[in-house]
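In structure tokens, one chain follows: the form predicted alone.
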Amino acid sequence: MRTEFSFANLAEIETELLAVLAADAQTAKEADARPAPALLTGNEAVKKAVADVLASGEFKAGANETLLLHGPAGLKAKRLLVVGLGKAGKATAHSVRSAAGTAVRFAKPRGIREVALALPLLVSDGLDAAASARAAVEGALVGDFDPDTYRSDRKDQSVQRFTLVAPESADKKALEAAFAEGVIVGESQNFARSLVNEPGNKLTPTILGQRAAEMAQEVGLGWEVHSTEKLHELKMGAFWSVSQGSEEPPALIVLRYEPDGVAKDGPVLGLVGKGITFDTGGISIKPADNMEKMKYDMAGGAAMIGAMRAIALLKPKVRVIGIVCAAENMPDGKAQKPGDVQTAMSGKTIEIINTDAEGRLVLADGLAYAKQLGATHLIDAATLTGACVVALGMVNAGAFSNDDATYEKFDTALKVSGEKFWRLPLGDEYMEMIKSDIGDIKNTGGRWGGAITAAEFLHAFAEETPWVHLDIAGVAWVEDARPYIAKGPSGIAVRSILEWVRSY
């Protein structure tokens, strides 16, 4: 998709589809009256073109609701699409992101290859123009992604050109900067989604390392990709234990962002991602139903790779190390068994209760390695537990932290990213549940509080280093297409991790 920012009169825009946003301006006192959608544009020609249909009450401006007019009078655009934001008082830049995605996804199956979107400049407390400009192009790029990569009858339905249009009187410098930022973020999120979408036979740990290295070279990151020999050298017994049952060798992916002019004693942020390119469960094998989705078990690693891409291009003044621990979890004759005891890089011994609790094993060594490389603050992301999905459903991802100040930065980042995370507790009582009789720690603590005991397992390896853990199991895959995003990989956490990094 080619993206452009234009400052022009909407009536003069020649395009296949011009989209404008509207909000439900009805107050509680008017609940029994006809809905009163308000167009979020000051352009009189656009207002006149839709006045009659808005007055009819047929369009209520609900979130992502659409209304299409062909040959709108007084406009040079061939079509005019009105997209709802929901209640005016609740409209935010995140609403704009979804609406832009809705406009693009509305166009795609109709053969419309060119979309122009009017930036909403009737600013409310929650609708800042620059934030909306960034969000709009992010939403458009995310909306354009489809997962049908390997269909032999695949038809390219991509929107080829997306233009964001603001009035000529707008603050051009600020809006253009925000727009450019949004392009980087949207493309980085889609890069992560493209990795998650790949099947296990097309994206082995080795190939994931190659894709990460190619990206790093393209954007100017330092990089290293290691395999079995390095794991043994570093004594990464937890990571290796997951890899040992597969014919495919593991990959330890290290990405480095080291900007000039940063104090040597400043923070170093460690981003650690679970990169299980396919997860059978190992000897504790999963049921066959839905196992095909376990190609997405590297979504946490993909989020870190996508975030590192955006970091390299947006250039925050802080050093960042990205680590992805990539492996297949397979059940052959060399695979680890329940009851085995593994020694992690940190020296802690781990009793294996269930080989399907493998993500925490690779992350344990990834967190330890990030600290060895100098990380002063840690964040990890993983499709870690079904228990988190049970707790939060497919709406919020889980978040945990051992440090309130560090988590506060992440919570503030969510206000920019628009992603939904819910903080869950940690505590010594949960750590007691994973103490082992034969070793230091067990890799599962049983059914109850499973997301928390998994987080406490990782806490044992983060130790006192300020740390945030993101359990994205329920939201890394979109089960049903929504108006603004296709079914398939979501790219969750790329935006939030980026903003957390920028807060430093």
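From 1 onward, residues are counted along the sequence shown. All values derive from a computational prediction rather than experimental measurement.
The form predicted together with a small molecule is left out here; the points below concern that form.
Shown without its partner, this chain lists Gly222, Gly386, Pro167, Pro249 as candidates; in the predicted complex, only Gly386 has a non-hydrogen atom within 4.5 angstroms of the small molecule. Taking Thr376, Asn354, Ser227, Gln157 one by one, only a single residue has any non-hydrogen atom within 4.5 Å of the small molecule in the predicted complex, and it is Asn354. With a 4.5 Å cutoff on heavy atoms, Lys286 counts as touching the small molecule in the predicted complex. Interface residue remark: Thr444 is counted as part of the site for the small molecule in the predicted complex, having a heavy atom within 4.5 Å. Proximity of Met294 to the small molecule in the predicted complex: non-hydrogen atoms within 4.5 Å are present. For Asp279, a non-hydrogen atom is located within 4.5 Å of the small molecule in the predicted complex, even though that partner is not displayed.
Exactly one of the stretches 81-89, 186-194, 207-215, 271-279 approaches the small molecule in the predicted complex with heavy atoms within 4.5 Å, and it is 271-279.
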